[in-house]
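Okay, here we've got a single chain as structure tokens, the form predicted on its own, with questions on binding and movement later.
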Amino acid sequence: MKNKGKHTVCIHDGEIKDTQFGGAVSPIFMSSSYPFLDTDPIRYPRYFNTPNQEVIAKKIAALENAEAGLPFASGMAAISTTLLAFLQKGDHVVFQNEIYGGAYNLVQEEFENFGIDYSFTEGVEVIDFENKIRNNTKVIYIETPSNPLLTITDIKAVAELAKKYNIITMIDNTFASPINQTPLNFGIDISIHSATKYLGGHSDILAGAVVGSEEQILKIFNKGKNLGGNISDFMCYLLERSIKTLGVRIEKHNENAQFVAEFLNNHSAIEKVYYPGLQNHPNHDIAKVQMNGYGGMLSFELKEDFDAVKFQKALKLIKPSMSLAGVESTILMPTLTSHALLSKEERNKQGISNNLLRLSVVIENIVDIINDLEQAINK
């Protein structure tokens, strides 16, 4: 079937037919050893080509309208392998000023050791990226919506700028998911996910994924087989299970998060709300063009006289937790978790205050989520 809807792709693309028993789900192949005589391809877990690894690669590639994909053991394995596949000693890369704290820390701590130069933009306008381009710039890396302030970058504009200078573009598409955003349709070369989040969606998977052209994925594979960031077949099995419900989960995330964002935006205890679905978000019009929904992630700042730690401890339903995008709503302080490795000056530069909280709104009844926020504020 051609031109299938995303819900159908989530369920059916890439699945393995159970030819022995006719089961409804893909069998799991746990073998770490396969034959090599008279076989093509030669399968090996570190080569990303076991049957269950191939399922995930095909499914995520189909969701993002990409030619090929690779699954990884974590989002950071996907990010680091992809960057190192296209960068070598003497190269330069431009990073958006707001990116996931783990990726930021990777750049700050490791790139000097590899002899790779880098620059962070001052903002997310096209001119901010162009101002940082050098003769040896090989990659532009963006994240939209960004973690944790939900900044929106104009994907098409950045892609067009990069093509003008013959530069590879990469995007961390985790917060949007392939349901809400397909960056390759706007000209981006490579899309990266922490599959631990929405693709996994049940707080029980650690995984990453990358999609792009066959040529680009081959290059990432050649680097990845040496770095060893391959994912286990059991995780692939769980990830395929989870992606089957990705579409319906994201629709509920979108609906609930919009409701919560509007509630907080009008609350006297809240200084500011960061959510691209709000009319007062500075990049709402861009988000409206490049996103099919605004996602389940939002951030908000409590007013100065509130204690963010005490507020979280007062919550009864929403869980203070390190991760996001499960089926249970979670909340965290970026200063203590995702961006704790950044210096105070670096966090201030990004606009990350001590009273900033990142809220993952998921699929519980919306009244219960609102009531929990309200009672914690009152307490």
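The numbering used is simple: start at 1 and walk along the sequence shown. Just so it is clear, the model here is predicted, and its values are computed rather than measured.
The following text describes the form predicted together with a small molecule, which does not appear among the structures shown.
With the partner left out here, check for me: in the model of the complex, does some heavy atom of I79 sit within 4.5 Å of the small molecule? Contact check for I79: yes, within 4.5 Å of the small molecule in the model of the complex.
Does the small molecule come within 4.5 Å of any heavy atom of A207 in the model of the complex? Yes - in the model of the complex, heavy atoms of A207 and the small molecule come within 4.5 Å of each other.
Does Y274 make contact with the small molecule in the model of the complex, using a 4.5 Å heavy atom cut-off? It does not: once the small molecule is placed as it appears in the model of the complex, Y274 has no heavy atom within 4.5 Å of it.
I'd like to know whether F175 contacts the small molecule in the model of the complex, with contact meaning heavy atoms within 4.5 angstroms. Although the small molecule is absent here, F175 would touch it in the model of the complex, with heavy atoms inside 4.5 Å.
Among 115 to 123, 278 to 286, 71 to 79, 231 to 239, which stretch has residues with heavy atoms no more than 4.5 Å from the small molecule in the model of the complex? It is the stretch 71 to 79.
Though the small molecule is not shown, can you say which of T153, S299, T196, Q181 has a heavy atom within 4.5 Å of it in the model of the complex? Of the listed residues, the single hit is T196.
Identify which of Y100, F111, F306, F86 has a heavy atom within 4.5 Å of the small molecule in the model of the complex; exactly one of them does. Only one listed residue qualifies here, and that residue is Y100.
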